[in-house]
Each structure stands twice: as C-alpha cells, then as structure tokens.
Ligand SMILES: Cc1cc2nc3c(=O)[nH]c(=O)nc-3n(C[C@H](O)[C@H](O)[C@H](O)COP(=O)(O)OP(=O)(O)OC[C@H]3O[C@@H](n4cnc5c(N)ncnc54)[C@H](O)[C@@H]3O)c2cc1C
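First, one chain by itself in structure tokens, the form predicted alone.
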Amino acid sequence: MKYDVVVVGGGPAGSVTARFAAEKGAKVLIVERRQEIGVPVLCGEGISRKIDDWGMLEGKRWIASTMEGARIYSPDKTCVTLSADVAGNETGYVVYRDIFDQELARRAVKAGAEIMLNTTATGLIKKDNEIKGVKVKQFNEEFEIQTDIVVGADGVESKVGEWAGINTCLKPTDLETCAQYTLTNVECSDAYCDFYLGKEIAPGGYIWVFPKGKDVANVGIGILASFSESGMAKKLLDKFIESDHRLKKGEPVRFLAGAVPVSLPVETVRDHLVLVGDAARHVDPITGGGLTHCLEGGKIAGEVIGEAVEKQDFTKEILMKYETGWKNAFGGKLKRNYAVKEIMLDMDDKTFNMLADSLKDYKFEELSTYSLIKALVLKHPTLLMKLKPLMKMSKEV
C-alpha cells in the first residue's frame, strides 16, 4: 500500500487536513482506530460562528442550537454577560459532534481521500532515520502502509509525535481531566452558554452548561490534573448538578470522560511529519476548546502538504510553512491565553469575585483583551504588575 499522505486519526483536524491535501491532488488515506467516525463523542460540543466564513461544512444538520452569548459566573454567582460575537470559541453553536465529524469526513472523501476504520497505528516505518510509512493493525492483521507524509491527528499526548522523537508528554498543570453528562428534562429557557468558576467547584478549571434544545443540555467539568484525584471530576460535577435548580431533575442520556491539553503548542513539523489538532496542542489554554483552531490549522496543514506533494519535497523546511501559518493565525492567542491561565491559577475565589464585580456592567460589545485588561487595571491598580505582560501580548495579537 502506498499513499502520498497517511493521516492517523479521523477527528475534525485529521479530516480537514485530509480534505485540503486531497483537493491539491494528493493521494490521502485516513486511518481511524474506532469503528465509526465521531463516536464516541469526546467534546463539550461548542464552536465559534467564525466557521461560517470557511465553507467547510454543508447544511445545518450538525447544529443542535445557536447561541446568543455566554454568561460567566464567579464563585459568589456574580454574572458577567458576553455577546456571541465576543464570547470566544465556545459560544457560536452547540453541535452534534458525531454528525459534525462525519460531515467533515464526508467532505474529505468527496475531495478524494480514503478512510480505513478499525485500524490502529502501531508505529512508524523508518529507513536511515527517515520516516517512510506507518505500521498498522486492523483486527488481528498487522501490515505496513508506505507514505511520504504522516499526519499525527491522534489527540492528546500523540503517539505519532512520540514515535517521531517529539516530546508529547504533558505536565499535570498542562492537562485537564474532564467529565460531561448530556442531560434531558432540564431547563434551557435561553440561548446562552454558562460557565461557572471557583476553586471549590472546579479547581483550575470550570463547569459548563451548553443548551442543545429546550430541555437538553451538555453539563460538564474540566479540572487541572494537578488538582485532581481519581473520580474527582465526576464527583464535583454530580455535586454541582444536585445543587442547581435547573439541572437536578435532569436525567443522563450520555456520559463521557476524557482529557484535554491546556499547554503551549509542541513542535508540529519534522521531515515527512506534521501534527495537527490536539496532537499539536492547538487548544485554548483557558477554555480547553480546540474545535475552531483544529479546523483552521487543519486547512493550513492540508494546503501546505498538498504543495509538498506537488513539489515532491517532504523536508521540514517545506512543511514549516504550516507551522508559520498556524502561528500567524492563532499562535499569538494561544501564547497569551496560556499566560492568562498561569495567572488565574494564582487567583483565589475572592479575587474572581472582585473581578466579576468590576466587569458585570462592562460594555463587552467592543471587547478586546487589551481593553478588558486596561479596564481591570484602572479599577484595581494593584493588578498592574501581574497583568502588564498580558497588555503587551494583547497588543501584538
């Protein structure tokens, strides 16, 4: 078996990369270890309306609900409301992730890519320390697939990256453990995503409530692994649901658990190798959301890979156009938000309450991170030294 490109992982980042590489004329294969694209769902299912401008999906079948904005609650329940245009990557739509993923895969196939399900990558083929392909296992059969470029779209702590010599291990302070219910028989009277902060309810993270219909919602939690013990995320989530009048009568129709990186990105390019999506750590370090970035990064990766195939040049120097591209598109934001995450870890609940009280009446329709930080510093001059580096970074993004 011989392909120009083998993509390991059939999630959104893998499918989008495959599609745009195939559209450039590359012969592309996606290998996916599961038996169905998009299942099981491992996501809060929120995404920005920014994707409307990209034309990556057809129809609206993948949309569960359209959001008007977000509400952020401090530990004392002070509410800060943001419109959808400025609320970030998690609030444009709540999607059906299984349908969403399958639609992206369909578009990849339409462009010419092939998909091999129930197929697990087990290693890289190397000759003279140069990547020549992928070793895989399908059912009980092991075989090799020759390829010029391997794309690691295999998620957190990427094995593909590790096999290529990239350090993909995450520190506990850079990894969030997550749990989520999809609850029915809950009150979702308005189209807002709700976020709840506090070291008591979600240490190092937050709880979210994403409406999927008038009586269905995704209710989840993410907490830093450095603060987490076995089963802690589910226990804290159960406790929150039981205390909330909208949610406590809800019944689960789905439960999922997983982990997301909340770190700086890793090295994403080697000779014959590219990492995308969670494998590249293209996840917002504050929210843990990565859907929007993985689509944007996947498109850049696919186009660069297509050019490499056209030129028959698979060196790091050629593929570095991808790394330059994603850094220009959203790299500055990831770097800034990682700094914000580190600052937030030092804040106690009293500080969160103070900040929320300062911002509850702020006119967020004209929000920028720079203007937000400036407003906080004007009201709380003691924060100047802590937030000054972020002001400089926000000017540059």
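A residue's number is simply how far along the shown sequence it sits, counting from 1. As the structure is a prediction and not an experimental result, all values here were calculated from the model.
Same protein, other form: the form predicted in complex with this ligand, not shown, and the subject of what follows.
**Student:** 232-240, 105-113, 74-82, 153-161: which one contacts this ligand in the model of the complex at 4.5 Å, heavy atom to heavy atom?
**Tutor:** Among the candidates, contact is made by 153-161.
**Student:** Since exactly one of 308, 202, 183, 260 fits, which has a heavy atom within 4.5 Å of this ligand in the model of the complex?
**Tutor:** Going through each option in turn, the one that passes is 260.
**Student:** Which residue, 256, 125, 318, 191, has a heavy atom that falls within 4.5 Å of this ligand in the model of the complex?
**Tutor:** None of the others qualify; the residue that does is 256.
**Student:** Taking this ligand as it sits in the model of the complex, is residue 51 near enough to touch it, meaning that at least one heavy atom pair lies within 4.5 angstroms?
**Tutor:** Because no heavy atom of residue 51 falls inside 4.5 Å of this ligand in the model of the complex, the answer is no.
**Student:** Is residue 13 close enough to touch this ligand in the model of the complex, meaning at least one heavy atom pair within 4.5 Å?
**Tutor:** Although this ligand is absent here, residue 13 would touch it in the model of the complex, with heavy atoms inside 4.5 Å.
**Student:** Test of understanding: in the model of the complex, would residue 304 fall inside 4.5 Å of this ligand by heavy atoms?
**Tutor:** Residue 304: no contact with this ligand in the model of the complex.
**Student:** Considering non-hydrogen atoms and a 4.5 Å limit, does this ligand approach residue 149 in the model of the complex?
**Tutor:** Answer no; every heavy atom of residue 149 is more than 4.5 Å from this ligand in the model of the complex.
**Student:** Since the partner is left out here, which residues of 5-37 would have a heavy atom within 4.5 Å of this ligand in the model of the complex?
**Tutor:** The stretch 5-37, when checked against this ligand in the model of the complex, contributes 8, 9, 10, 11, 12, 13, 14, 31, 32, 33, 34 at the 4.5 Å heavy-atom cut-off.
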